[in-house]
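Let's start with one chain on its own, the form predicted on its own, as structure tokens.
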Amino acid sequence: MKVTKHFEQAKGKTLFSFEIIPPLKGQSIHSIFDAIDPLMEFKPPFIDVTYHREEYVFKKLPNGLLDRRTTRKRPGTVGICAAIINRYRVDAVPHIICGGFTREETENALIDLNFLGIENVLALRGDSIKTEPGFVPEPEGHSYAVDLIRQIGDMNNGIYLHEDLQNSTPSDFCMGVAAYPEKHFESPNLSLDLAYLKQKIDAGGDYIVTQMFFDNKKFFHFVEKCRAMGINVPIVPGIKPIATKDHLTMLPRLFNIDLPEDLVDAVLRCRDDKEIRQVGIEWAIAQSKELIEYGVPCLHYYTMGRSIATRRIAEALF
């Protein structure tokens, strides 16, 4: 079922969903099941599965030169989605990214997803490779998420890259898009970031999932700005509980977010990570309760492959 249909059938009730990351290459899928099993009693209608693009590693050759090789540390998004649907009978939402894919490869991946009966995708530009200063698109690939969304929209209209195809069958993907309540780190300001978001919605985006944030006022302001611009699709807040002291510096640096003073002060008073995890859980519960009262269609939790904290939050809410 499409994510937006789940929202409609909930009739105003806030749903629970979460995101998982594929295991490292060579690890068993049972690590994924171990992370999902404790959360299934809260009846998530869909589960997101991230996609991680290739990285470059350099191997030193006997002649002293360096050989650049491509590696992908977390493959398996499509297979994991199929396994989730088969095991849990819930919808899986694979992340589709621009980086590392040509348009032809993107089309083939979407065809495979369509054959599997997967109706939802989250369309993203994706991150740049760590060894590159900025995002570099694949030759014959997409530079921006809006272009990827347009390609998916074309397929939904039966338009494929090969124009000589006859009697082509349209796909029917529901498209989620990403947004940043505190703006994307590459954007000069929130207003321009919102203009780009509207382009993605106008191109066919059906719903929005936000990056994590810790101050609900910023999310409320973001939603108001979206509605004022004519962005009227469902907006799903992304939530992640603080778990370690390192998160105080790592999260703002990686995701361009601010942490409220009260949260930072509470973390700094903690004696160990156990106390910090408890602070993070309590903050996320309070944050989630306020968002439910606000009327969000769904609360989406970034588990990072760990379910204990998310389970304790869900126990207090669902």
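A residue's number is simply how far along the shown sequence it sits, counting from 1. Bear in mind that the values here come from a model prediction, so they are computed numbers and not experimental data.
In what follows, reference is made to the form predicted together with a small molecule, a form of this protein that is not presented.
*Asks:* Taking heavy atoms and a 4.5 Å cut-off, does K240 contact the small molecule in the predicted bound form?
*Replies:* So K240 does not count as contacting the small molecule.
*Asks:* Is Y144 a contact residue for the small molecule in the predicted bound form, using a 4.5 Å heavy atom cut-off?
*Replies:* Yes - in the predicted bound form, heavy atoms of Y144 and the small molecule come within 4.5 Å of each other.
*Asks:* Spell out, yes or no, whether the shortest heavy atom distance between L124 and the small molecule in the predicted bound form is within 4.5 Å.
*Replies:* Output for L124 is yes: heavy atoms within 4.5 Å of the small molecule.
*Asks:* Is there any non-hydrogen atom of Y51 lying within 4.5 Å of the small molecule in the predicted bound form?
*Replies:* Y51: yes, in contact with the small molecule in the predicted bound form.
*Asks:* Please pick out the stretch from 157-165, 243-251, 224-232, 115-123 that is in contact with the small molecule in the predicted bound form, where contact means heavy atoms within 4.5 Å.
*Replies:* Selected stretch: 115-123.
*Asks:* Report yes if all three of A178, Q211 and Y302 come within 4.5 Å of the small molecule in the predicted bound form by some heavy atom, otherwise no.
*Replies:* Affirmative, all three are within 4.5 Å.
*Asks:* In the predicted bound form, which of the listed residues (E105, D202, E186, E140) lies with a heavy atom within 4.5 Å of the small molecule?
*Replies:* Contact residue from the list: E186.
*Asks:* Just to be sure I understand the contacts: of C81, C174, I97, L110, which is the one whose heavy atoms reach within 4.5 angstroms of the small molecule in the predicted bound form?
*Replies:* In short, I97.
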